[in-house]
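A single chain, nothing else alongside it, follows as structure tokens in the form predicted on its own.
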Amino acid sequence: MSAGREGGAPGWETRPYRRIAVEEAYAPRELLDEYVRMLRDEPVEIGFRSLMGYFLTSTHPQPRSVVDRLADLGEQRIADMDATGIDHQVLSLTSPGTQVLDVARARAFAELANDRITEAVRAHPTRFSGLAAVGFEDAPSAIDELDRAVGRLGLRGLIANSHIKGTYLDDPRYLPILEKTADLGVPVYLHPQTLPDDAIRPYREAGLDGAVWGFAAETGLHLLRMITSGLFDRIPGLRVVVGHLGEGLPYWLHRIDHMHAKQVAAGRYEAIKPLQQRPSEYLRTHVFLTTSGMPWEPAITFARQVVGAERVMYAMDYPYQFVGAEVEQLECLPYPEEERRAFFQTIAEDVFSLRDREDETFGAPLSEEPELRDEAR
């Protein structure tokens, strides 16, 4: 492979900054095969059948292309990065990840995904970093896997593909996992999932359950639950990254603050308690936004205005929304060069601790746990 491809996309040496994309999906082939088996043999959730049934069983070229790219961590992915000018991807396990699996399978596939991502990062250390997957329903094993994936393999955060079988991260059962991410000093990337069965039907019947709107409704709800539950007060070191420019929440912050204050004063809901800050302020102190799927200057500029330019960074949403022209379009954002450098590079370096990547041999040797990896295969 040429030196240019190892260092970054062609021309990276002469650009004033490197382009880092931070919501870029991956799935082991074995997990995709397991999803196909579940679709065939199990009574899966409506959203899972709608989303993965489309991508994994359709013969249309578009979903087939997405699936092929999802499973690739080598030549195809790097060629796509080169063609679109992306120097570095932060890889994470695609939605729904482990979160539709039973405890044993979730643990095994999380380990498999973490091993595969680590192998890719070792092979291409200037092109890839990665986030860790865990099986959320068993907190002790999730914490052990975070210790392994972050502490030993060098992954840079935790991917949470939104709800876990209809439960959300404000549930006390997940508190130890989130405390662990804070202790390790890594962020949680809150990524969309399809809505749970008790919420999806009106979206599904209108064809609006996916990325067109349902994902934002579900994940915006998830982040707002985390805020209003007081989760960030209980874990001050918790940092969350959320894509799609905050899933609509920045537009609603004034109304959310106003109505939350009225609810606290009235004592209307048991779940709504006083917070240390207004809800909007947590987006300025604990949350970072990415532009995944939202390469639109008016929305980017608005988000920067309401949460702070230092909290908004670039993501593409590869391979689901793989539109190469967006990179050059975003090069024309009407910001000073130093702010574009932060947008494309330095915010991601800070949030995901990427600045040591150039000089290190990434990660420790993979652990030998064949019984778990064999189970996943």
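This one's a predicted model, so the numbers in the text were calculated from it and none came from an experiment. The first residue of the sequence shown is number 1, and the count goes up from there.
Beyond what is shown, the protein has a form predicted in complex with a further copy of the same chain; the following relates to that form.
Residues of just one listed stretch (89-97, 136-144, 268-276, 233-241) have heavy atoms within 4.5 Å of a further copy of the same chain in the predicted complex: 268-276. With the partner removed from view, the residue among Pro125, Gly85, Gly220, Pro187 that has a non-hydrogen atom within 4.5 Å of a further copy of the same chain in the predicted complex turns out to be Gly220. Met294 is the sole member of Leu101, Val287, Met294, Val150 with a non-hydrogen atom within 4.5 Å of a further copy of the same chain in the predicted complex.
Contact with a further copy of the same chain in the predicted complex holds for none of Leu32, Pro176 and Ser353, as no heavy atom of theirs lies within 4.5 Å. Contact between Met81 and a further copy of the same chain in the predicted complex is not found at the 4.5 Å heavy atom cutoff. Contact check for Gly74: every heavy atom lies farther than 4.5 Å from a further copy of the same chain in the predicted complex. In the predicted complex, Asp209 approaches a further copy of the same chain with a heavy atom inside 4.5 Å. Not displayed here, a further copy of the same chain is kept clear of Ala182 by more than 4.5 Å at the level of heavy atoms in the predicted complex.
Contacts between 251-277 and a further copy of the same chain, taken as any heavy atom within 4.5 Å in the predicted complex, involve Tyr251, Trp252, Leu253, His254, Arg255, Ile256, His258, Met259, His260, Lys262, Gln263, Ala265, Ala266, Arg268, Tyr269, Ala271, Ile272.
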